[in-house]
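Single chain ahead, written as structure tokens, the form predicted alone.
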């Protein structure tokens, strides 16, 4: 249901002057259009704040890899030290992402995001005084917590944009944020070079360079706090104080998220698209530097192309998810995700087998397009898994990405058990295998990859209202889920979208 320029007061029938929005909205006041060049409050402003702040965290977390050839000489890092530090940089965010999801559900994405960014910023500053392999590892571990802001980014977009465009919004916000992983491959060598040319020795220049991502991260946090808004109608705290939003219970929110098996499957599969992306961000510059005997800035530029592909690849995944859903509903989203991620695995295998520089670059770019598009496709599905526990599901899925990165680096890229090219090949096989469980995801109201909807009459209302008990329904807590259920009927696909009405006892 699309509502042009109306707010909650007018929907309830209150006589207060209705609030106007610059974008057309549905009955939840989520935008039904995505205008990437707009900065209109609150929808598009939230979009730009979310991706820029997430971008800053990615720049900080992966600021070290492009300078590793210098850092390893300064701190006497072994191959094992470098591998452990890479693992540490993504392992902290495993539980941080799950916690971030629950925090978003209870306190809103604005406070959750800004708080985490400010808490982790000191670790980026302190990297400049790292003096040993242990201190370097600990600082990378602490900095890595910041990329849990991915969860608040996806939660924020899912709270601001309606079903028909939520995949696109999530894809663009996540993709442009992930772009920081590629941008930092260019930024840090450039900053290092400028500082060295000014007169600093190389072992001092890399330390000074870390003040740039640290300052960027700090400014991004304050921008989110000052200019951001949790929901179309206001911030969590204000809406709860006015009675327009109930204060949910942690135990119920966590329970409904943790017991939804779809969230666990998406956590596994996301571990082998986004988790692979994190792994490649950590190893690719050093891989090209060592295998093809390249200059530092040349290896950095090639490595940057992997992350920079996010400017189009992840958004394209979100758009593909929305486009296939218009015709085939949720089943189309699932098929598109499986195909794209499997092809990513195939090209990852090929990347590990090719031996020339030119071929490696071409295959790496193709591989990056598919694996990053799969990330966008994943978060075209996530918003529909649970309405009440959206943050928990987002956190579980995002945390799965980090678990995948940790396991992949532990198995294939820690120490010298495998060469990097062999590790890349085996990582591709892992992607293909771990994508298969997508076939097990089934929504009774929409179906799955191989099965249609349940033969029993099951509606969107049945699915989303099952997260509320009778007492909560009597108090009206389920109303937001009811509106979301109505707005998610597009997931039936074009042929079924208008075939079922809302059961009278659920209105």
Partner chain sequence: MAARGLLLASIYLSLLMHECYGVTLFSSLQKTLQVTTTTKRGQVLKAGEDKVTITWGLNQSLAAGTDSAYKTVKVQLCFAPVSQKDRAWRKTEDHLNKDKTCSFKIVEKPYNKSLQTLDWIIESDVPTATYFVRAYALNAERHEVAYGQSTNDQKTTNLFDIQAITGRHASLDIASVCFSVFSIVALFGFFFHEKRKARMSQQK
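What you see is a predicted model; the values in this text were computed from it and never measured. Positions refer to the first chain, counted from 1. Take the two forms, superpose them, and find the largest set of C-alpha atoms that agree within 1.5 Å; that set is the rigid core.
What follows is about the form predicted in complex with the partner chain, which we do not show.
- Heavy atoms within 4.5 Å of the partner chain in the predicted complex belong, among the stretches 89-97, 75-83, 250-258, 371-379, to residues of 75-83.
- Between the partner chain and the residues 267, 336, 121, 406, the one pair within 4.5 Å by heavy atoms in the predicted complex involves 121.
- Between the partner chain and the residues 425, 115, 342, 229, the one pair within 4.5 Å by heavy atoms in the predicted complex involves 115.
- In the predicted complex, the partner chain sits within 4.5 Å of a heavy atom of residue 201.
- In the predicted complex, residue 388 stays away from the partner chain, with no heavy atom inside 4.5 Å.
- Among residues of the shown chain, residue 218 is one whose heavy atoms approach the partner chain to within 4.5 Å in the predicted complex.
- Although the partner is absent from this view, residue 126 contacts the partner chain in the predicted complex, with a non-hydrogen atom inside 4.5 angstroms.
- Along 346-373, residues 357, 358, 361, 365 each place a heavy atom within 4.5 Å of the partner chain in the predicted complex.
- Superposed on the core, the two forms differ at residue 70: its CA moves 2 Å or more between this form and the one not shown.
- Superposed on the core, the two forms barely differ at residue 259: its CA moves less than 2 Å between this form and the one not shown.
- For residue 367, a C-alpha deviation below 2 angstroms is recorded between this form and the one not shown after rigid-core alignment.
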